[in-house]
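Look below for two forms of one protein chain, each set out as structure tokens: first structure 1, then structure 2.
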Structure 1
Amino acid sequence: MTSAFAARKLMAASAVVVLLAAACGTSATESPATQPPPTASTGPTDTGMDHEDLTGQTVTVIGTWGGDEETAFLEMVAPWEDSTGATVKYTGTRDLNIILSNGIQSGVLPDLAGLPGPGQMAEYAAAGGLVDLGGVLDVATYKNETAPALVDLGTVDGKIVGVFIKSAVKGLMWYVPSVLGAGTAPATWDDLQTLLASNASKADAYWCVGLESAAASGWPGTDWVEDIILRQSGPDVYNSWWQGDTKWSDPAIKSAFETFGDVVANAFGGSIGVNATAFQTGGDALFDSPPGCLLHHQASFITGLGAFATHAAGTDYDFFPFPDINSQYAGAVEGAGDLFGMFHDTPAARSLMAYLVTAEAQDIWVKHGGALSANKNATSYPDDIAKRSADLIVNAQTFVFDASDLMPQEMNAAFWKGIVDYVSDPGSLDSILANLDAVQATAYGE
């Protein structure tokens, strides 16, 4: 295998079965009302870092955030701009993989960027594109404030090259209490099917699914397949699969695709609608009158997107965790996070990167909802929905990191496309899996 992927397998091993109590800390479960509100005006001057005068300097940043997420990020960096006199020039794109991959080859890269995932991060590091952050961060403080699994996932060959500035729990089932009721969450997949069948008359379809995301279209479906593999076949199979040791045509992987296919067959808008609907608005039909669907499967960050952003958490919408499928793997949770890396080592880029990992910076984003902080000292969760999301990570019996984010880029992109192709033509599953096997045979190297 390639040295980059070998490094990634080592750094990710601890994230496959690990409790992330340190990700949020016990304080994350306290009522937001008991926490001091973040003070944007104090910003980086309260972090204890030396903020030199950077007047006139600019830091170029690209990431995947748009809309409310972009607004939250810009609000997050505003105190740093005020303190240093520097400017952040942010560009949002859904073509991040393509831009960074081309940039690694051409040398045309931003100062800082969101990274597609630990897998791609390791490839960029192996290519010499990422700056070692050991001389940028206060490493001891960063490690003390961040879950060890997330620190490890940002480390390649002993060097920190990526940091998580926010995290998320995946596999949440979102619903409208006034439609579905606010009773006990289904404990098992069979219980879930009973719940859906008993409420079928209340909506046009069981599920809302949105897979469109420009060049990354299909990724929400990869979350579905990953959640199902984890709960049907367990973390060992999950781990072996993303590492490239279990084939895509393996019965465990095929079964997960077929279970996802059953979801699509009962989804609002049918296969055409599923592939055409943007992931940001994928659950909006929950709020239609009459409702388009009963449930929407998406990560904790959905609360800041689409119609969720304009409705009241806990009143207009709520969630329950992905139910268990195989009781052997009860309590399993999948999570992810937004990595940031540095491509150009400039004074302003160094200063901004050091600021982004602080609790003061992340509290500004966290208070908006839809994000969990990677810094355990950031605790300004705005509502019970966010607090409960954090609790799931803290109390997980088994935690795994998003599998597609850990795969080599070529494999990840093929997975996205395979999802879109499968939704378009479920009958072609065998050929889709055979193609993914072929990609797997070359993507991981020797």
Structure 2
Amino acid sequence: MTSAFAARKLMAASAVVVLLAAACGTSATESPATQPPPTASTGPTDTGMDHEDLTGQTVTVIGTWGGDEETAFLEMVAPWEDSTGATVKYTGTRDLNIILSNGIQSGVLPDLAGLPGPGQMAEYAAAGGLVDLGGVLDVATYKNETAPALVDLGTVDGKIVGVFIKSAVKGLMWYVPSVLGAGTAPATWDDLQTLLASNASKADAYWCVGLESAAASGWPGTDWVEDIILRQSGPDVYNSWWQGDTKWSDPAIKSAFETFGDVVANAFGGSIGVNATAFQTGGDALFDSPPGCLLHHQASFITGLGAFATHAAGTDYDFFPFPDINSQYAGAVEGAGDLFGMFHDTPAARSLMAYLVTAEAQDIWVKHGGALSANKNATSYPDDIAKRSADLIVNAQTFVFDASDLMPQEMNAAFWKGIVDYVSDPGSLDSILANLDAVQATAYGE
């Protein structure tokens, strides 16, 4: 969902040769001839913590985490630093592309880095920039502790090159128990409509929607459309759609847009309010008195943002999962996460990478709140809400990754813009979808 697509244009086709040369050169020179044994031998219950002495070595890490997230990350790596004597040098930026796309071509890269998305990860892997983690991680334990869909997303040509060290569940419906009643959980979309209609008098509008997010404005709407497609038409349509095989003008996609249109028509602040409200504060009207809206649809990380951050989880607000629309596709969940990869195969980098995916490390991470772990065995969630969100991923019958994040950047950006256009003028849906079809025809061509 991060923006940062401009830098990608630097990657002209002609640069591929350069890119290959640079990346190969790097890995050839930086790989020590003798590698320490992978941590596989430590057994599935062990933490995977490497106890070798790495005193004086440093690992450079780049990630998207800033502020309190950065603090949490540094706390997560602190036990590893204490145990090995090595140092982590962390740089945070929300524009990973600028470092990585320049770096992959110049060979100047951090040891470990967050990856902007699965698409870029595949490009870096194809260029030989990413180290195969098969020999770095305790693969059996990793696969055992991680949702298969997430493992697959980090795998390119049978090699694990990216791992999720943080995840999020999309499509949660947030509500205030004192308004809708504790334990509210409509099972189907129709039940949800009934629930809204019977509580209509309690708030100004049914829904809170906030789409503003600077250059990425519109993305919360893409989550809406994705959630609806997944439950209306099923994971097969969902997958063929983001892969570029199902057209945007397809009835399944159009119908999802129209369902989203119904939501916007009943949204707090009208279409202008929806487009002008920042996603971080999009649900704040839930807590107004009288409430501005009854429900807010947003991912699990909203608990750290806006008015959610200053209210008590579980008592002031709660969530229920996105209800099923077509019973045939019940139990589907959409999620997202932060991919992480390794560019330099050094002993310290290997050790840190292996440590980061362990439940021990992930426990420290999730304790801070606002983050879910991709690791099933990380259970130290600060509250019931976070724990239930994490369970959704673990127990999902069908787990899919955020479709817009999987699309080519150009398609993703057009999707964002399409959402904003549709909200401001629902009547122009056909021309918006036709335009998205035109982008789809070229964006996948590379």
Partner chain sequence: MTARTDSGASTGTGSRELPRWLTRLPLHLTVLVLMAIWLIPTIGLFVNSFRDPNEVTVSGWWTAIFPPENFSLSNYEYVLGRNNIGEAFINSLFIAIPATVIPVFVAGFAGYAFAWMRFPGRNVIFLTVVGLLVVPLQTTFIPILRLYADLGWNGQFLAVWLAHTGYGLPFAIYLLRNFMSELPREVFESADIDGAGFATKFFRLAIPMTIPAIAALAIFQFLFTWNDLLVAFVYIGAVNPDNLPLTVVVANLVQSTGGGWQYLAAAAFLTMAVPLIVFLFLQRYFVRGLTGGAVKG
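Here the structure is a predicted model, which means the values were calculated and not measured. Counting starts at 1 with the first residue of structure 1 and goes up one by one along its sequence. In this text, rigid core is short for the largest set of C-alphas that superpose within 1.5 Å between two forms.
Only structure 1 is derived from the form predicted alone. With both rigid parts superposed separately on C-alpha atoms, the smaller turns by 23° against the larger between structures 1 and 2.
Once the rigid core is matched between structures 1 and 2, the CA atom of A140 is found 8.5 Å away.
When the rigid core is fitted, S380 shows a C-alpha shift of 2.5 Å between structures 1 and 2.
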